[in-house]
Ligand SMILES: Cc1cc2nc3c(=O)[nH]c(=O)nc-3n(C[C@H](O)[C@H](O)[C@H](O)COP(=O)(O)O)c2cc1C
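A single chain, nothing else alongside it, follows as structure tokens in the form predicted alone.
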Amino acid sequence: MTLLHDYQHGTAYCRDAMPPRDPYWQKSVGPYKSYAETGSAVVSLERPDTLPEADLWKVLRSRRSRRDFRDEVMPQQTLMLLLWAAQGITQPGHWAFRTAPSAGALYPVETYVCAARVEGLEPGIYHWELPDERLALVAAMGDVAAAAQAACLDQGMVGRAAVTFIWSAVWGRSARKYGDRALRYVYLDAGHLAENLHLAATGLGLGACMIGAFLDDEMNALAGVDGEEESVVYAACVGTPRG
């Protein structure tokens, strides 16, 4: 029996027995994380006047993992569209819904942006602040592309990309309801929003590649999370494709 099997069986739902709920997860966790509230510089990205049009079926057929990028700067409006496609709010209010589904509408996934070449943005790590839909500077970093590449097992596509997105999980948001089974749902949530971003990038004529192979401790350090209460679970690099 492997660790994988142990987890799968240990968190299985059965009619006669449900997995025990660990009291550790009953503490309150807020629905949003904000660096702006602690004094970080905030950037309100340029927003397009209208959403671009694209044929969904053509986008689905065209979607591929792209790993070779041109050395081009990404416009702010493009970054805004990508962020909104992945985790934009489509129904504001007390129970705000987003572009991608989430188990129990708990939205445990946070988005960090390694902005290497974005119009008007200082290179560095930024946090996607919800519900305001703006960026907060986590750390200025001139060599952010190289740092992200190193953390992603030195995959060259990361160093060439204009932007690398990092997604982390605030475990308590989901675990307070689902206990240890929340791990299943968090990775599903991350997959939902990552595919949204990939399709949006394709529709905008950009290239994207999803990244699951990375050095966990280095990625957590890059995003500035502790690796315990919040951990990096997924990433993606985006840029203008070459050829």
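In this text, residue numbers run from 1 along the sequence as written. Just so we're clear, the structure is a prediction, and the values are computed from it rather than from any experiment.
Here the subject shifts to the form predicted in complex with the ligand, a form of this protein not shown in this document.
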Of the listed stretches (212-220, 44-52, 172-180, 30-38), which one has a non-hydrogen atom within 4.5 Å of the ligand in the predicted complex?
212-220
Looking at the partner-bound form in the predicted complex, is Q26 within 4.5 Å of the ligand by any heavy atom?
no
Can you work out whether T99 and the ligand are in contact in the predicted complex, taking contact to mean some heavy atom pair no more than 4.5 Å apart?
no
Is it the case that R63, even though its partner is missing from this view, gets within 4.5 Å of the ligand in the predicted complex, heavy atoms only?
yes
How about M157: is it within 4.5 Å of the ligand in the predicted complex, going by heavy atoms?
yes
Can you list, in sequence order, the residues from 219-243 that come within 4.5 Å of the ligand in the predicted complex, counting heavy atoms only?
Y234
